[in-house]
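As structure tokens, the next two blocks hold two forms of the same chain, structure 1 and structure 2.
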Structure 1
């Protein structure tokens, strides 16, 4: 099978999955939001009525007036249409990238879903992707080091540390970091919202200071797992014949490790890297909540709590699209990096 045809099939496949996921999320969330929206409309109409009453401009027939307002809002939010109509309506809009507006402004004054995502995504990239890159670098270095000295004290210590840190809930560790470094010692600010009065270098320094605690948290919880997996992959590769052959030929140890073994171990590591970088774009809902970091995860949680259908749909769509793109990129890179894997065959495993 040719590369082009294979890519095309993969892409179509991904688009179908994306469409179905969007439809399922729409079906779920439209139902969730329905009752809450109805309640919200009633309380909003009541509030409007009260404010009219206070201004001395009460409508003559309050019940009829309220009914009319409720009908108006129901029409505005499409609540007068049947359930399935609304599901397809939101799914179709989302798939055609028409994300619409939110009812209540998020992040101050922003109501356009695309703009909200455009604001949140860079912040999440700044936090999680930076952290993820640090994690990958530390993990790779430590993992390779441990694989060089299998069974040594360093190797054992790293394994134990990896098992320990991966067992920790990231958001809990974040709470502890805040407790110690933000509130007890006061070294770092507890709130991640950047100071709006600062510009230029002062702004950059402010953001950098707010990044320290969340980044340390993410790196601490994740690096152990990375180091451990890298070590295991490397140890597997180091036992293979071509490494022994290289050593027998008298290739320097450094070159054996970094030139031969690490290169042969690259495919799974690169796949892992792509996936974790992409996963990092979604943000971690709870970790961002703990640090009050205004990224994708935090927005997602706000959107669900306030029943913003358009925003939930938009965020889910972007997340799933990124993930599927990642799967395709990972597949292709696997094919390029590992000549043993034919592209067509790699899709089947």
Structure 2
């Protein structure tokens, strides 16, 4: 019961944070939206006037007509309202998942923001989440092995490899991979956009082939850091008294490592796992741009480049909501992995 109340409080806090972040984002982008909409209205009114001129139906007083049309569009887009009203209006729309439409079509002809996110998110999951799962598996295996052999050649080699890989910019390594394997050797396609003319097994094989280079790039840059952090967490845990006691009792080393030390180290590793997976859902702007992968990062770049305020707010809201959900999931996981969390929660509530 105590843990349930604790999680309820955390959920309420998360909703409050989500509302505050949405208000801040709305306050930042409303001014930008006002400038863009004003320019758009003026361009649209001028186009309407030119159309009337070509049809021989020009108004008697062009300036008054233009001003009246500008005022009409300002009322239509709520530009006649006070700044604070527009901030709360956009924040309310965003919280109710009414993200609106973009001014220009994305992914061909799609303009609805929710539909654009629904198209981009599975693609990012396919690329970045798949790569992140591979990174976590490799990092855990190498980190645990290095913790077992502290000071050995393997441990020192892993530390050097981790320093090397984490120092390499992902976009630079991606461009090197494209240069060698796509342009020089021609083993893989340079463009990650799937062929829309393929269906069935041919489509699956085509997508898999286009995923090879970006997945290798992400895994190579990230796995060393994951392994080194896991190694350091495990080394600290393996110095605890209960590990010494288990070894003194004659418990097999494999059970000591995986049944005692790894389980005791699980909370921080689970936190890393959850937030790594959540971060992967947002994609990476530069990496997806290098490989021309149509995911969340690529959409973010298009939204910023074209000043698509509705799309930026929709993407930001989804990312913040996912991160806050991850915090709650981490709290639940802690409760199952460490009984002290449940006891602490009960004592506080």
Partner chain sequence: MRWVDIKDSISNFWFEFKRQKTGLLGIALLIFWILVAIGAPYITEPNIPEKWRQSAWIDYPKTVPPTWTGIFTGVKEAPHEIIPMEELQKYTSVEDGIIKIDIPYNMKYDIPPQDIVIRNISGNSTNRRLRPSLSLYIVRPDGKTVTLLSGIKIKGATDIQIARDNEVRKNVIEWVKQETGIQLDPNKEFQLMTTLDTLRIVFAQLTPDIFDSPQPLMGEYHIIIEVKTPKGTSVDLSGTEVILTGRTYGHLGTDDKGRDLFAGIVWGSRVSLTIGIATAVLTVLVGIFYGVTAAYFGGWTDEIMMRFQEFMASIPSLPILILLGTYFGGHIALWQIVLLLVLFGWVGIARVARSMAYQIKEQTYVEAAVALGAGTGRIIFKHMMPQLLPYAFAQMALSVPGAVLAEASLSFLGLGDPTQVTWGQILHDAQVAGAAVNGYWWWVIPPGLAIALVALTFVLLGTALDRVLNPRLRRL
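Take the two forms, find the largest set of C-alpha atoms that superpose within 1.5 Å, and that set is the rigid core. As the structure is a prediction and not an experimental result, all values here were calculated from the model. Positions refer to the first chain, counted from 1.
Quick check: structure 1 or structure 2 for the form predicted alone? The form predicted alone is the one given as structure 2; the other form is structure 1.
Quick check on the domain motion between structure 1 and structure 2: what's the rotation angle of the smaller rigid part, to the nearest degree? Interdomain rotation between structure 1 and structure 2, rounded to whole degrees: 11 degrees.
Determine, in Å, the CA shift of residue 87 between structure 1 and structure 2 after the rigid core is used for superposition. Comparing between structure 1 and structure 2 after core fitting, residue 87 shifts 3.5 Å at its C-alpha.
Would you mind giving the Cα movement of residue 72 between structure 1 and structure 2 in Å, after fitting on the rigid core? C-alpha shift for residue 72: 6.4 Å.
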